[in-house]
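Here are two versions of the same chain, shown separately as structure tokens and labelled structure 1 and structure 2.
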Structure 1
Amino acid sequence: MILKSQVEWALHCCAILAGLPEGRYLSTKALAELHGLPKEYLSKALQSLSQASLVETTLGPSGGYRLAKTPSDINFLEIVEAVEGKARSFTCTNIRENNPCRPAGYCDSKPCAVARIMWEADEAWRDTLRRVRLSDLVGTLSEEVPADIWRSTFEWVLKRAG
């Protein structure tokens, strides 16, 4: 059970976009260079964010991506689910129905106990992610990343933002 690397990419990109001044856009090319990622493939992750209405785009030169909401209105779960999908990590294939001792045609009233427990754990994972806002990440980063790197990174970004 491994999340795709696109999840990491999307989170880092959102953190950068969160620092973008109002009304500016940043292109896939710039985001790919900044993180050392394959531009074409990163583009798929950004498209997922776009379809989830987390970012807005504009075309043409000086086009690119910007956040569609304020960083404090975006939580981790939204970003993760945008690229990873909303499906639960555990799927019940109903093998209890194969029990040869069950009367033919018997129909279960509830989802089985095994699945309910696994889904509860899944929900705990989602809850944790739901509670962390993008603005929280930006806050932590701005404290932890050395000030000169932090500053020069955004100078680098602004030079490329349309």
Structure 2
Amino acid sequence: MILKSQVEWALHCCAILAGLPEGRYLSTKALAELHGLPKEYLSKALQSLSQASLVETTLGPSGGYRLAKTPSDINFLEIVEAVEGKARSFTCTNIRENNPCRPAGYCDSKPCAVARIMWEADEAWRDTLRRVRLSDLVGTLSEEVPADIWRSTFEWVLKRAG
């Protein structure tokens, strides 16, 4: 399974937005500059987050994006599905029906084993993402990112936040 690069971008942007003070917004331009991404492509990922009601937007000189919920109320699966959609990662086309050794009119009693295993794996992946909150990511980052980089990043963000 290969996810769009926009999933990574959306997760990183949400982590940054999680640190914004109440009532402040960060522009697409600032988020793109911070992550070294093309603004036009990043805006598509941010629009997906907005359509999923994960971020709020406002227009104007101090406009931009902010989280629509607290970081503890947003899980990774919501962010991934906002960008990728909610469809299963595996689609069974039932090619077993093409087996020339099957009797005419044979009807299977259940989905094929390949599909069942793939759907189970897909659900396990989604369950893992559902359990991880954005607040968990922020906590991990605050422990793993050196303190001086953590501090200077948020100073940089706050200077650009509207």
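Please note that residue numbering is based on structure 1, beginning with 1 at the start of its sequence. Not measured: the values here are computed from a predicted model. For clarity, a rigid core is taken as the largest C-alpha set superposing within 1.5 Å between two forms.
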(message) Given these two structures of one chain, say which is the form predicted on its own.
(response) 2
(message) Following rigid core alignment, is the displacement of the P38 C-alpha between structure 1 and structure 2 equal to or greater than 2 angstroms?
(response) no
(message) If I superpose the two forms on their rigid core, does the C-alpha of V114 end up displaced by 2 Å or more between structure 1 and structure 2?
(response) yes
